[in-house]
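This document opens with one chain alone, in structure tokens, the form predicted on its own.
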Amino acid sequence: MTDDKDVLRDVWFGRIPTCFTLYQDEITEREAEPYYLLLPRVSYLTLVTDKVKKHFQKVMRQEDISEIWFEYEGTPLKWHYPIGLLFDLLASSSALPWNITVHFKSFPEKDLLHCPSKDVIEAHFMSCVKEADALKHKSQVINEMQKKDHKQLWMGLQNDRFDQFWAINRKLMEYPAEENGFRYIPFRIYQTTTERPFIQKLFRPVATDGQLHTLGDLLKEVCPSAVAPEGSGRAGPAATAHGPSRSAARGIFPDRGTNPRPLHRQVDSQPLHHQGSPILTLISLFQSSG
């Protein structure tokens, strides 16, 4: 993990310039000016938009305010997906800043989960942590941690504190040298070309012959349509990994032989997934232009 620290830090502090605009049908007492914010890719919308909510509530009557929710070009934004994942799936080809519309009425019950408080986000986050550790370590690491460790992990994410988060998260990323990797790689694959929310299957970091798997190996087995056949001349999709605890797996073209690092070093499990959590490795696939 030491070799990856600079990469992890750069990923952690990745930001998306965003313009928040109040929906035109919301009732206001005076004109609502747009609100600009640099959104952290590894966090969640409802965790980092308190200032946005307060900004627009200043021009609205209390009786016209209910649960806040966001949409981009008609698509409600799922708060339990990491911000970077949402952007890459829906807006990666659009010009910056990312234009998000803010709503306080007509909550889309069929499309979004309610998020009444940050406790709900924390519960979702910790559930993903436990799911990932069950796959990696049979839950041994997370069960040996104290409650204060769980809280520090969460507070590190909530308060955007890299060192605070990683002081605990590094324990979840370790494994005995003789095991040569985790039991399974926690991952979820999201695609822009399908209605299926994500793909998630058991996948070991080491093949039966002892060879270490790469990201390309995972995609070929789990999502073969995402990898162009050798010699086909067809441009395959690019893959982007999301989540504060995975290392360099951004902008990979898995069918072109680039970045052939072992999978457990390439997409350290965080995410999701997110990691949709930030503890599982979240991989979004999108067609490249060449």
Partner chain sequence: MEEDEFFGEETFQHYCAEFIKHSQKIGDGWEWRTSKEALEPPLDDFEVTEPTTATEVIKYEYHVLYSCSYQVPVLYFRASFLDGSPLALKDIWEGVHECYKTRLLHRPWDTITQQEHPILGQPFFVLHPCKTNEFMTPVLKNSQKINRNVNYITSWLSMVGPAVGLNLPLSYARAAFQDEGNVNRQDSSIEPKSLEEP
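Remember, predicted model here, so these are calculated numbers, not experimental data. Numbering follows the first chain given and starts at 1.
The same protein has a further form, the form predicted together with its partner chain, not shown here; the description that follows concerns it.
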Review point. Do all of Asp64, Ala91 and Gln158 end up near its partner chain in the predicted complex, with near meaning a heavy atom within 4.5 Å?
Key: no
Point to revise | Partner contact for Glu73 in the predicted complex: its partner chain, 4.5 angstroms, heavy atom | key: no
Check your understanding: Applying a 4.5 Å heavy atom distance criterion, does Ser117 contact its partner chain in the predicted complex?
Key -> no
Review point. At the 4.5 Å heavy atom threshold, is Arg196 in contact with its partner chain in the predicted complex?
Key: yes
**Study point:** Contact label in the predicted complex: Arg183 to its partner chain, heavy atom within 4.5 Å
**Key:** yes
Check your understanding: Among Ile168, Leu77, Ala134, Met145, which has at least one heavy atom within 4.5 Å of its partner chain in the predicted complex?
Key -> Ala134
Point to revise | Stretch in contact in the predicted complex with its partner chain, which is absent here, among 169-177, 210-218, 95-103, 80-88 (heavy atoms within 4.5 Å) | key: 80-88
Check your understanding: Since the partner is left out here, which residues of 99-119 would have a heavy atom within 4.5 Å of its partner chain in the predicted complex?
Key -> Glu109, Lys110, Asp111, Leu112, Leu113, His114
